[in-house]
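A single chain comes next, written as structure tokens; it is the form predicted on its own.
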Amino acid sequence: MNSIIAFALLSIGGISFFTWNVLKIRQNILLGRETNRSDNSGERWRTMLLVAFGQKKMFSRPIAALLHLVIYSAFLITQIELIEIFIDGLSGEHRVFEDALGGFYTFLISFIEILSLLTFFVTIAFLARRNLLKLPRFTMSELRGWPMKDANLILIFEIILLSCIFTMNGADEASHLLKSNESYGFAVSQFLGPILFGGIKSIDTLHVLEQIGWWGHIFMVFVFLNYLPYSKHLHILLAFPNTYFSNLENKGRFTNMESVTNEVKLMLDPNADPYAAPTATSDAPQRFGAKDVTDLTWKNLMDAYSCTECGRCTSSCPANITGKKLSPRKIMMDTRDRLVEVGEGLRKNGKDYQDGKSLLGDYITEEELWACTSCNACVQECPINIDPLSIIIDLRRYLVMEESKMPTELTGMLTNIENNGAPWQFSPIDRLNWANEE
């Protein structure tokens, strides 16, 4: 009974704290402007199944994709064993599904053990890629400090969790052999159990070791769960809604501000009443473009929370490759960091709180923004359809439309467009003079 109470308290505490953090993240995301992503639900479900569930875009880099697939598959399949652990913990039973499922139970646990063993080696490989091989996209300046520690910490958590699983199953196997001289027949622990614990001839000692593994496993599950909201690995949960709400428009199609579009239509429509009361959708916005995270859409903010900092976007960015300061990954990391800062400030100080800082300037520089060629390579490469370009465009839109700031190379072209309706230094009435030349 004490064990059941302890497990129930641990579960309630762990799930409650996780829920509290998830609600804070949701609150932060909803600080963004509204955007409609409810259209074409069939295409959205298809995108989510292919990109998030099917890992389609991961396979542009096969080695990383195969390694990730092992961990991804293990994460999904081991939830079945986790369900059994929860039932055992709340009921005081041991392997509650064993009798009901019979031989299928042996197959299922064996499959989970094989995936877990593969995951153990893959986790070691991921640690080696970051810390020994030092792949270029994992050693860039934006990953120094906490981001690098975060990446390593989650992998260390994974190793501890897997070690607890094999301690639990291995000690249980050795105990079962000692009591009945029969093996469970699980693919890995039937060999690993005797190797690690075969020399122990005390049932009580083996039971203690099995309990250490069992409690260690469930404790690490809750540690992992409650670490996610503070980690880049929140994509484990957000990848699915993030891909569902993907931008389904063709890449390269920019959005127009509705208020500006309506104003242009008003100017061009001779029958329009310029003194008519504005509708709710045509009210002038508080700001053209985006200066801070609250000027971005909620989907931009969900993108920021979904970013796993894999660096595929930055490693494919032509501006970054040629030595420019721009890193699409840093754009997403900066947006998330600023959003967390704004959210915490509003919760502590009220909805009217201003800290005097902004995403543009304090986190992202103008140099970074103007280095972007808007080629969409970062959007194409992202495994979960994150769109750094839309954030860059909105920040640049603010610079141009609100502050009239732009590189000198663009000033002449924009002046010509304003005066002549075209990028060239010709009056509209002279535009066809070339046709009169003999």
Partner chain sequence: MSLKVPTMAEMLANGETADVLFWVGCAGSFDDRAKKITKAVVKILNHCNVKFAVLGTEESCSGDPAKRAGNEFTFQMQAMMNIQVLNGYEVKKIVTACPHCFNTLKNEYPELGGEYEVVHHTQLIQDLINTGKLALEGNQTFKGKKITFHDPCYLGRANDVYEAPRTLIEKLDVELVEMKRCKTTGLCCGAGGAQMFKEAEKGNKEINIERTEDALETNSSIIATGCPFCNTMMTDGIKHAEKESEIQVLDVAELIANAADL
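No experiment lies behind these values; they were computed from the predicted model shown. Positions refer to the first chain, counted from 1. Note that the rigid core is defined as the largest set of C-alphas that superpose within 1.5 Å between two forms.
Although not depicted, the form predicted together with the partner chain is the subject of the following passage.
Student: Could you check which residue among Leu49, Leu410, Ala65, Leu30 gets a heavy atom within 4.5 Å of the partner chain in the predicted complex?
Tutor: It is Leu410.
Student: From the list Asn256, Gln79, Asn181, Ser141, which entry has a heavy atom within 4.5 Å of the partner chain in the predicted complex?
Tutor: If I apply the 4.5 Å criterion carefully, the residue I get is Asn256.
Student: Does any part of Gly102 reach within 4.5 Å of the partner chain in the predicted complex? Heavy atoms only, please.
Tutor: The answer is no: Gly102 has no heavy atom within 4.5 Å of the partner chain.
Student: Answer with yes or no whether Leu69 is in contact with the partner chain in the predicted complex, where contact means some heavy atom within 4.5 Å.
Tutor: Contact with the partner chain, no.
Student: Might Lys324 be said to contact the partner chain in the predicted complex, defining contact as any heavy atom within 4.5 Å?
Tutor: Contact check for Lys324: yes, within 4.5 Å of the partner chain in the predicted complex.
Student: Would you classify Ser427 as touching the partner chain in the predicted complex, given a 4.5 Å non-hydrogen atom cut-off?
Tutor: The answer is yes: Ser427 has a heavy atom within 4.5 Å of the partner chain.
Student: Between the partner chain and Leu23, Ala128 and Cys164, in the predicted complex, does every residue show a non-hydrogen atom at 4.5 Å or closer?
Tutor: Not a single listed residue reaches the partner chain in the predicted complex, so no.
Student: Taking the partner as it appears in the predicted complex, which of 228-236, 94-102, 263-271, 207-215 has residues with heavy atoms within 4.5 Å of the partner chain?
Tutor: Careful reading of the contacts points to 263-271.
Student: If we check the partner chain in the predicted complex, which of the residues in 399-426 reach within 4.5 angstroms of it by a non-hydrogen atom?
Tutor: Val400, Met401, Pro407, Glu409, Leu410, Met413, Leu414, Ile417, Glu418, Gly421, Ala422, Pro423, Trp424, Phe426, in sequence order.
Student: Examine Ile429 after superposing the rigid core and state whether its CA is displaced by 2 Å or more between this form and the one not shown.
Tutor: Moves: yes, 2 Å or greater.
Student: So, does Leu266 move by 2 Å or more at the CA between this form and the one not shown, with the core held fixed?
Tutor: Yes; that C-alpha moves by at least 2 Å between this form and the one not shown.
Student: Is Ser11 one of the residues whose C-alpha moves 2 Å or more between this form and the one not shown after the core fit?
Tutor: The answer is no, as the C-alpha of Ser11 shifts between this form and the one not shown by less than 2 Å after core alignment.
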